[in-house]
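Next comes just one chain, in structure tokens: the form predicted alone.
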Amino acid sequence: MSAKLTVVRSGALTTVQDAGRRGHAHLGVPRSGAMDAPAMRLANRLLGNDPDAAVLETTLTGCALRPDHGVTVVAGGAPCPVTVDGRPVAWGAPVHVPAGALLNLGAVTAGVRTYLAIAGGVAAEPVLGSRSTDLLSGLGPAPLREGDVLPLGTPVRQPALPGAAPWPAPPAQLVLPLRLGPRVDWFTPAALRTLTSATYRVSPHSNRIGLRTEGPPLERESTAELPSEGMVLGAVQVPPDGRPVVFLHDHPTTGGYPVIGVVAEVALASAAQAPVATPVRFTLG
């Protein structure tokens, strides 16, 4: 019989995530998936899971769970205190949790999102080929609530694995490489200088849909209305207040505000771990 986890404390926001739903934007479905995919994959590899097996993504305050069978887990991504029945255990390395014990992930000490991988993966029902929670469309499992029961997959037997691995630290400053376009001509030359020279900060209104920024507004050359266009992961949209918004994994697939550029996907994992007020710089590249 496969193990199950009961949610004792759901935290500020805990969702099931994997590699996401690629190829469904034409249906209005964004990719979703783990915001810090490298952290998800490293945690899974330390358990012998498929790198893209479904995990739990917690936000800021962690979560607490109780397994009905003994399980092995890894907490990675944003560092946080981890305990089993109140006893401190390792973060970033495999830990055995006995049946009935309380696994608690505390508040992050840096970064934003901690990933809890469990041997065998979270076996939520797939929707359009993914187990990911999509906060925009509502597809996939709902965000965790106290009392929820999560099914787990069967652990795969693997050769001996390393007991730990190096984890990147959350960014002290977020540097986002930007490829200009497709609507760069809707902005003044002064706006482009501002975008690539000013320091913005992560807004408290940021979420899985987009990283919102606080800082100098970007002046538009054109004040015309733009018909809705397709949006991609990493698109930097500029709403009427002039402050750039970087679209993240639950972003809408269309939008009517001009996109001044697109951030390379490789940089978005750092964006997922940037707390409120983190300095943000945009660079051309």
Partner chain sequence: MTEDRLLQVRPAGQHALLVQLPDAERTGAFHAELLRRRAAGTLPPVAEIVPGARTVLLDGVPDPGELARRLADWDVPSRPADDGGVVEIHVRYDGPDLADVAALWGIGTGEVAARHSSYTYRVAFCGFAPGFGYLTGLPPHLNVPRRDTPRTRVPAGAVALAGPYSAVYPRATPGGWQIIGTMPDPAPLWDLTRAEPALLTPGTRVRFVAEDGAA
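Residue numbers count along the first chain shown, from 1. None of these values were measured; they are calculated from a predicted model.
The following text describes the form predicted together with the partner chain, which does not appear among the structures shown.
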So which stretch, 238-246, 58-66, 44-52, 254-262, is the one near the partner chain in the predicted complex (non-hydrogen atoms, 4.5 Å)? 254-262
One residue of A198, V127, V89, V156 in contact with the partner chain, assessed in the predicted complex (non-hydrogen atom, 4.5 angstroms): V127
Suppose contact means a heavy atom within 4.5 Å; in the predicted complex, does that hold for all of P38, M40 and D148 with the partner chain? no
Residue-level question: is S137 within 4.5 Å of the partner chain in the predicted complex, judged on heavy atoms? yes
Partner contact for V29 in the predicted complex: the partner chain, 4.5 angstroms, heavy atom: yes
Just to confirm, E219 within 4.5 Å of the partner chain in the predicted complex by heavy atoms? no
Can P166 be called a contact residue for the partner chain in the predicted complex at 4.5 Å between heavy atoms? no
For the stretch 216-238, I need every residue with any heavy atom inside 4.5 Å of the partner chain in the predicted complex, listed N to C. P227, S228, E229, G230, M231, V232
